[in-house]
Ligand code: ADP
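A single chain comes next, written as structure tokens; it is the form predicted on its own.
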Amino acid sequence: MTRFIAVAVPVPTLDLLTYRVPAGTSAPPLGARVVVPIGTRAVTGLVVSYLAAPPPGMTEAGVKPFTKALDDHSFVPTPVVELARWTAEYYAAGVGDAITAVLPPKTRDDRADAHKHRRVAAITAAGLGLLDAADDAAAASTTGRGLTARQREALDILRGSPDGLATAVLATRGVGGAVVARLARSGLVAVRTERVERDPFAASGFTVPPVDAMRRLTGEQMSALERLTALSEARAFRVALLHGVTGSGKTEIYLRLAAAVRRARRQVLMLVPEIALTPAVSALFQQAFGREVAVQHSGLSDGERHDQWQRIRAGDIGVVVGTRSAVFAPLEQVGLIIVDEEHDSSYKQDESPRYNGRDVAIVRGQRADALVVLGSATPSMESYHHAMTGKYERIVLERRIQDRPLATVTVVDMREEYATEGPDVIVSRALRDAITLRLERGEQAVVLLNRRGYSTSVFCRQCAGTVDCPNCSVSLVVHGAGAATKRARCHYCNYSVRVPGTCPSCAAPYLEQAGYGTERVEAEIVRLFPTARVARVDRDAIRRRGSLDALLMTFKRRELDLLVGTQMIAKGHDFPSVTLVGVISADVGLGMADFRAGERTFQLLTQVAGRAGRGEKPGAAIVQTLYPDHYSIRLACRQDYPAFYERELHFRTTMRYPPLVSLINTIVKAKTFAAAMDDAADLAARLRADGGDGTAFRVLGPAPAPLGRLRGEYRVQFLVKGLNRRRMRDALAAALAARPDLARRTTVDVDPLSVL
């Protein structure tokens, strides 16, 4: 008989907690929700495992009983619970952090019903007969008095809707709740309560053109599909890297492969990196699979996410489309997992647990004996390295569909442009001429700058001081073009202030603005092309829910000529009428103190160039840069991934960075720099004593983090490098266990995508 249960609760940093099964009570099933006491609070958690005895150091009397069980069945499938436990262990987080990703909204408490309901009124046979009799005497005998005009009107309305109408709809037609209630008491109307499913697809409004089911695949597509189908039919775990140039038809392969897996009665999980991509992708899958499709991402309302999760859990769903958190969707017969744009940094969560959705998807596929397909035109160094060393199967699409050419790329050396046009030029002559030509032809263009705001800094010409964030070690970014709306804002803590008229340091009235972001580029485009229809896509411009979908649909319908934006417009979107892409400051990310800077630059430039020429007309890209000879820019313009991989791998090998070694980035925070440095030095010393002296792994640092102060806290970091990731994690866990006071002030990032 089970006497103790281990429970995971959605509380940061907490590991499994042990509770006693009360006498005379059965142990809840694994994966069931239970309400448990934590201090003075009652929290809902998941039953993860059974224990025969209390953990070491605890007595039976010291173990509290759980308060109550909310389910008599497994609420979350056991494989999903186990996946969350693995995620917590691998990414050095508490199980409490990981379990939050597993439990959907509105199920993390003990409310009996989190569904949405509506009241529906329907006319009864008595009410219908009364209307047919049209006899006030009959009405009086039934109701005790004659029908009022409003009651008779209500019955007339309901007679036209045999299945009934929602009381909210009746209210809009002048029939209030009191009228319905009186008719119900008289037996003329029946009122029932219905559960309403909140539909995220209706809210998106995204549509796709009808798909030609007879559309022929290219030879490359057919070969790729045949190989992937064979892998899926083997019902054994495999990972395949689908390396296809932009516009090569990877999505069509996904759809047909998913259809084959569904025919085999297995389920499909389709991951995309950004919420912005889910409407288009889910619309394509809905067109192919109808009501079998569900969507999961944080952009949905809590109610929508709850209802979609419940549909998946009930087994009504064959395909789930979502962002990284959808990797924990409660599917039980997974046969195919697709990770589109697998290289994208959006798959990496920036809060605990700092998991990479791509890598968790691979583990899920391994446990389900499923095929995992990683798709990208610019694979991550890690995925491509695995493919080249035989760990993954590599399937290549080298040509666009219908043999459409890749965009021709022109590089503009902005040093020469500044010498000719002056230091304030934003849009080069080549780009101006190219945009003019597209506008004359009635074609569309996209202009990219991966930096928000109007100006990137404010400085004083007298003392050279800058207007900085008081909480973070960064300059404030100016937003707003007009004097009345202009504010300086921190992109990390969201601190903002009106742009001062005098220098905060020396009080001189000689403040200047330097640098530029997407707001300034948009203003310049509007100035240069006053008759063009221009819109901007960045986090500042699309804050309202649904605004991004609406804007992209407007652009797709060709109601806009030019789209200015950040990296949000660079990936995954298909705009057939775009024949020109302009890149402002292509080297904006190269100066970052991060070993992945070159890789990210190459990926961004290749992806954005791939937005051009996807329709009938050929495309072109114009890349503005101060470093035209940098290998990441030069090879991106040639769209030569193999050459980039070899060059970048040489750098990573020389410096001993991933994918050649494993890496853990650890950041210690404190109110003073000295305290942060002392604590980080103590942890680093413990690690060095436990194999971090180079015998098992190496510890680099501590040193001030590139972003030295964030939200009022100083940050010091050290890196752990080695070949045995488990050994590195265990040593770091032991060091932190010896300093429990640092648990909430230390960030551990396993396999980091950024070391800032």
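Residue numbers here begin at 1 and follow the sequence given. Keep in mind it's a predicted model, so treat the numbers as computed, not measured.
There is another form of the same protein, the form predicted in complex with this ligand; it is not shown, and what comes next is about it.
Q: Which single stretch, out of 251-259, 297-305, 157-165, 86-94, brings residue heavy atoms within 4.5 Å of this ligand in the predicted complex?
A: Looking at the other structure, the answer is 251-259.
Q: Please tell me whether any heavy atom belonging to Gly619 falls inside 4.5 Å of a heavy atom of this ligand, as the geometry stands in the predicted complex.
A: Looking in the predicted complex, residue contacts with this ligand do not include Gly619, since no heavy atom lies within 4.5 Å.
Q: Closest heavy atom of Thr218 to this ligand in the predicted complex, within 4.5 Å or not?
A: Judged by the heavy-atom cut-off of 4.5 Å, Thr218 is in contact with this ligand in the predicted complex.
Q: Can you tell me whether Ser380 touches this ligand? I mean in the predicted complex, with a 4.5 angstroms heavy atom cut-off.
A: No - in the predicted complex, heavy atoms of Ser380 and this ligand never come within 4.5 Å of each other.
Q: Are any of the heavy atoms in Thr389 no more than 4.5 Å from a heavy atom of this ligand in the predicted complex?
A: Looking in the predicted complex, residue contacts with this ligand do not include Thr389, since no heavy atom lies within 4.5 Å.
Q: Under a 4.5 angstroms heavy atom criterion, identify the one residue in Ala570, Val661, Val239, Ile401 near this ligand in the predicted complex.
A: It is Ile401 that has a heavy atom within 4.5 Å of the partner.
Q: Which residue, Gly247, Gly565, Pro279, Gly517, has a heavy atom that falls within 4.5 Å of this ligand in the predicted complex?
A: Of Gly247, Gly565, Pro279, Gly517, the residue with a heavy atom within 4.5 Å of this ligand in the predicted complex is Gly247.
Q: Select from 581-619 the residues with a non-hydrogen atom within 4.5 Å of this ligand in the predicted complex and write them out in sequence order.
A: Going through 581-619 in order - heavy atoms within 4.5 Å of this ligand in the predicted complex - there is one hit, Arg614.
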